[in-house]
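Shown next as structure tokens: one chain only, the form predicted alone.
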Amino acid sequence: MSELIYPQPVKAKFFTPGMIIVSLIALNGIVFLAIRFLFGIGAVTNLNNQYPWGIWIGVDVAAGVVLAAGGFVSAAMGHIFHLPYMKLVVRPALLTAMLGYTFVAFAVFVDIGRWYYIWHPLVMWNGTSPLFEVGICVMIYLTVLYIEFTPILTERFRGKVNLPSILRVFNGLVEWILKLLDNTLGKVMFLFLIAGVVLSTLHQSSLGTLMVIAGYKMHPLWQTPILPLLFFISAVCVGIPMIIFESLIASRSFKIEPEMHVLSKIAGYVPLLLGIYLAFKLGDMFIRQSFVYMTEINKFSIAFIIEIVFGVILPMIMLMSRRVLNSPFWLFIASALVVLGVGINRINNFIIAYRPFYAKSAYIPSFGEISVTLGCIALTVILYRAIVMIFPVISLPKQDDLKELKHNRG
């Protein structure tokens, strides 16, 4: 039936009970966003001079960037390494990455105290700053993601432009623009695909560089000169699990058959990638002898054990099992553990391990910070559902072909 499957808009009810709950969470986040912009960042957050960043950076930015890694991983596997079975999951992964990076950029905008100066890096360059490199790469890569999504837009509307009322006079112009975009991008898209992979490599690793320069402010369990390498490898590790995680949730939400023949195949690469990450992680610990800190029972050692055991070792063992690979439920659990583990790793690096000098109290995120973070996640879910119902993103069998196939089998 694979010959009958191709990307098309999903026909489903938009406001389900689950989506109503998600919409309420988004609305709550928007309320606190309004308070933040009207009364300042101090009115919503628990940030201070000792803790200049919190979950808006640790979760919304650092974790958000790495969890959007499915975009560059799927692009590399599908378009650079030419794995044919990746075609069914490239578009959903691209959409997830595009939305993820959009909200990462928005989170930076929200987190900056003087948010109206966010344009400064564009004209005030600091080539020695890893944060500058991250910011520029993210902006360029976000542009690349929107360019990569453009063919999906042209596919949806080309030949179907029918503007209402007086705007009809622009039908021909819009059709010409769509045709020009379609024909032009088809010839140069490979350049943007390569650029996307390269840019992702740069800023995924540079987020680790950002924490290297924190020096002794970071706990030794995480502070290491190879942190940029670990950040990049972990981004590669989570790319495939994030694709599987998103695909299985979408299949369940829209009541469509999951593409297990593809998901099981790509999941087979994950144990090897996790093994490489674990080898570098443990090898670094023994070289630096930071394992001595594991003998102490405190929040740092407990957070480290949770990250490694539940985020790396357990899913690596699970994904070596054929039973897990062939089961949508267990494949989802294993992928969710990797996603959760990498998210915990970023939280550990940016929040738990970060210990500012002379801090009088620990940082605990406020209800407003949590609300904005959950609101951004909820808005991402809402936009994802809306886009896949409008644009040809998810691959489905055409109804007429499916009926014919069932009739022939009957």
Partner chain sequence: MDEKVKNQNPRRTFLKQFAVGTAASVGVSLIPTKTEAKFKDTQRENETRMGVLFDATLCAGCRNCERACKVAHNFPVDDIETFRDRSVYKEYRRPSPNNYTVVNEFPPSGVATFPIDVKVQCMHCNEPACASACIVGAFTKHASGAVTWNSDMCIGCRYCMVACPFQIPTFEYDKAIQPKIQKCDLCFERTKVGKIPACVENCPVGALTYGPREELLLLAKEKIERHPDKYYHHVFGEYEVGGTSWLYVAPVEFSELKFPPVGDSPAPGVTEAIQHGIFAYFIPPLALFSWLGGVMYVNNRKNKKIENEANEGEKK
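What you are looking at is a predicted structure, and each value in this text was computed from that prediction instead of being measured. Residue numbers count along the first chain shown, from 1.
Beyond the structure shown, there is the form predicted together with its partner chain, which is absent from this document and is the topic of what follows.
Would you kindly say which of Leu191, Ile313, Leu153, Ile305 lies with a heavy atom within 4.5 Å of its partner chain in the predicted complex?
Exactly one listed residue reaches within 4.5 Å, namely Leu191.
Its partner chain: the contacting residue among Gly186, Gly275, Pro220, Gly268 in the predicted complex [heavy atom, 4.5 Å]
Answer to the contact question: Gly186.
Task: Contact at Val174, Arg385 and Met389 by its partner chain in the predicted complex, all three, heavy atom at most 4.5 Å - done: No.
Answer yes if any heavy atom of Thr128 is within 4.5 Å of a heavy atom of its partner chain in the predicted complex; otherwise answer no.
So Thr128 counts as contacting its partner chain.
Look up in the predicted complex whether Ser361 has a non-hydrogen atom within 4.5 angstroms of its partner chain, and give yes or no. Judged by the heavy-atom cut-off of 4.5 Å, Ser361 is well away from its partner chain in the predicted complex.
### Query
Would Ser301 count as a contact of its partner chain in the predicted complex, using a 4.5 angstroms cut-off between non-hydrogen atoms?
No, Ser301 is distant from the partner.
If you check in the predicted complex, is Phe132 within 4.5 Å of its partner chain, heavy atoms only?
-> Residue-level check for Phe132: yes, a contact with its partner chain.
Of 63 to 71, 372 to 380, 30 to 38, 340 to 348, which is the one stretch near its partner chain in the predicted complex, taking non-hydrogen atoms within 4.5 angstroms as near? Single hit among the candidates: 30 to 38.
**Q.** Partner contacts for 68 to 84, taking its partner chain in the predicted complex and a 4.5 Å heavy atom cut-off
**A.** Read in sequence order, the residues that approach its partner chain (within 4.5 Å, in the predicted complex) are His79, Ile80, Phe81, His82.
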